[in-house]
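Presented as structure tokens, the chain that follows is alone, the form predicted on its own.
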Amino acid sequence: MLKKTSFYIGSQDAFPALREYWLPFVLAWQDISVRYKRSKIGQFWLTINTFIYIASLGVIFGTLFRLNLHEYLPNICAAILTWNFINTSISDGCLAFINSDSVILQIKMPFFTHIIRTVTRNLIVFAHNIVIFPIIALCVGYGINFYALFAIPGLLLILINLLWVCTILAVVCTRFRDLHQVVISLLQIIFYATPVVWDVKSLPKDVSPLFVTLNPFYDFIDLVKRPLMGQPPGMNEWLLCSALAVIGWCVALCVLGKFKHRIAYWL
């Protein structure tokens, strides 16, 4: 009998979870509902808080640095919304198995279901918050054209990449609990190093453009930001993020398959 590879074992866990996609979606929706159970506004507190944050940050930075708010506010809005989705998904993904320990130890289900649940929960939050962009664009008189539709496949590609990133981090962080704090610190550094609240055009001339172009988070954000800003999607960004998805998924399935039977003992 041929020995099953780690890739095969990981695939046997991931594919059943993808077929039963409705289960992690229901669990993710329940997570958000429980958080705002006794609130009259409910989940829209997420949108209100994010709107206040983006508007305040945009007006303060735009005024201090004398930027054109007509372009800066929609730009920073699209960038922050996308970054928040990526940031919270990765941060929560580190604890995907740890936070679901009671379920894992009592109910037999694919481990990948907990990864989908985590990313879906943050996707629902993003769906609530995305309504902020047209509101801000309308307030500053910024037009939205048909290129905005390309933000949907761009978001899907980000989602595909986040799933493999969260899978690897969930396995490693379950074994090494302190790694979660390391990831949070790294994400904070990446936030300042990525054009989220600042523009690429503001870089000094003596700074190499590789500082930005070699940052994959810049490409992920641009998958959504460029179409929302009325610009055609960049082919280089799509090729890079697609290549990362293929390589990342191969690694993630191998990691999940190799350590799948140890996860319950690490909890």
Partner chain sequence: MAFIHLKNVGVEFPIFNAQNRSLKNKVFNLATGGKIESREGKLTVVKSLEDISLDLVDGDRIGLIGHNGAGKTTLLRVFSGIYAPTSGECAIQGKCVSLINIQLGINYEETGRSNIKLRAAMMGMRPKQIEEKIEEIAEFSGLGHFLDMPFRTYSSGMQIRLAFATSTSIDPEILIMDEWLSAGDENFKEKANQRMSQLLDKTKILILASHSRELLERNCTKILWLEHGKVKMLGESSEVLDKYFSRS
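Numbering follows the first chain given and starts at 1. Just so it is clear, the structure is predicted and the values come from calculations on it, not from any experiment.
Keep in mind that the form predicted in complex with the partner chain is not shown, yet the notes after this line are about it.
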item	value
Heavy atom within 4.5 Å of the partner chain in the model of the complex - the one residue of 235, 60, 214, 34 that qualifies	34
Contacting member of 182, 139, 107, 152, with respect to the partner chain in the model of the complex [4.5 Å, heavy atom]	107
Site check 27, 103 and 265: each within 4.5 Å of the partner chain in the model of the complex by heavy atom	yes
Proximity of residue 128 to the partner chain in the model of the complex, heavy atoms at 4.5 Å	no
4.5 Å heavy atom contact, residue 251 to the partner chain in the model of the complex	no
Contact of residue 4 with the partner chain in the model of the complex (heavy atom, 4.5 Å)	no
Close approach of residue 9 to the partner chain in the model of the complex, 4.5 Å, heavy atom	no
Interface stretch in the model of the complex with the partner chain - options 187-195, 152-160, 95-103, 139-147, non-hydrogen atom within 4.5 Å	95-103
Residues from 13-29 in contact with the partner chain (non-hydrogen atom within 4.5 Å) in the model of the complex	20, 22, 23, 26, 27
